[in-house]
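In the form predicted alone, a lone chain appears below as structure tokens.
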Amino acid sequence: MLKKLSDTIAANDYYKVWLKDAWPYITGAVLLSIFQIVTMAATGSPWGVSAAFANWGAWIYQAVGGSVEKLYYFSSDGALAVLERGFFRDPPTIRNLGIIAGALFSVLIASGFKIKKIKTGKQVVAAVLGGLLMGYGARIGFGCNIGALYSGISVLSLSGWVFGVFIFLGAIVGSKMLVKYFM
């Protein structure tokens, strides 16, 4: 009986430490670095997220009868080859689906999933506007915080550091605007 009780306590402690409580930032940084190294070794290119979203949009556009061949972004043979490969054969798409599934799994096992009531219409406007601006910025900046910042710095690119400075400045301006106009 005591053995079973001690095993249950040990399992609860394991669950609390590894799954329920937040991990230290250094642990996250080390894990991100390991994932970046594995991605570079497996695919030959740095980790990116937002380029797959352009492909998703193109696949949806093609599904409703549109043609993307004349769009500048898809004018190269390489970009068209990615589209011809398809949704489930695109490594960035699979990584993005894994990130989404992993985030959902993590929040579920940590009992952190909550559906929150929308308090005001301003929240919806702020969320939609923020998402659109972040998506637009990721496309004109040739990447998001993962592709342009993290992957840029990991391959010793000056553009990663420049991106980091401006994302920091953008976060300051954006948070001030959020407080002033949406709260």
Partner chain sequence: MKEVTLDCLGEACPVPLVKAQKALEDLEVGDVLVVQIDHSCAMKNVPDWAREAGHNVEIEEVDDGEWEVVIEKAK
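Predicted model, so just to flag it, every value in this text is computed and none were measured. Residue numbers count along the first chain shown, from 1.
The following text describes the form predicted in complex with its partner chain, which does not appear among the structures shown.
With its partner chain left out of view, the stretch that reaches within 4.5 Å of it through heavy atoms in the predicted bound form is, among 144-152, 23-31, 61-69, 39-47, 23-31. Although the partner is absent from this view, Ser157 stays clear of its partner chain in the predicted bound form, with no non-hydrogen atom inside 4.5 angstroms.
When its partner chain is considered in the predicted bound form, Met177 lies well away from it, no heavy atom lying within 4.5 Å.
Shown alone here, Gly98 lies farther than 4.5 Å from its partner chain in the predicted bound form, counting heavy atoms only. Interface membership of Ser111, defined by any non-hydrogen atom within 4.5 Å of its partner chain in the predicted bound form, is confirmed. Heavy atoms closer than or equal to 4.5 Å to its partner chain in the predicted bound form belong, across 112-140, to the residues Gly112, Phe113, Lys114, Lys116, Lys117, Lys119, Gln123, ordered by sequence position.
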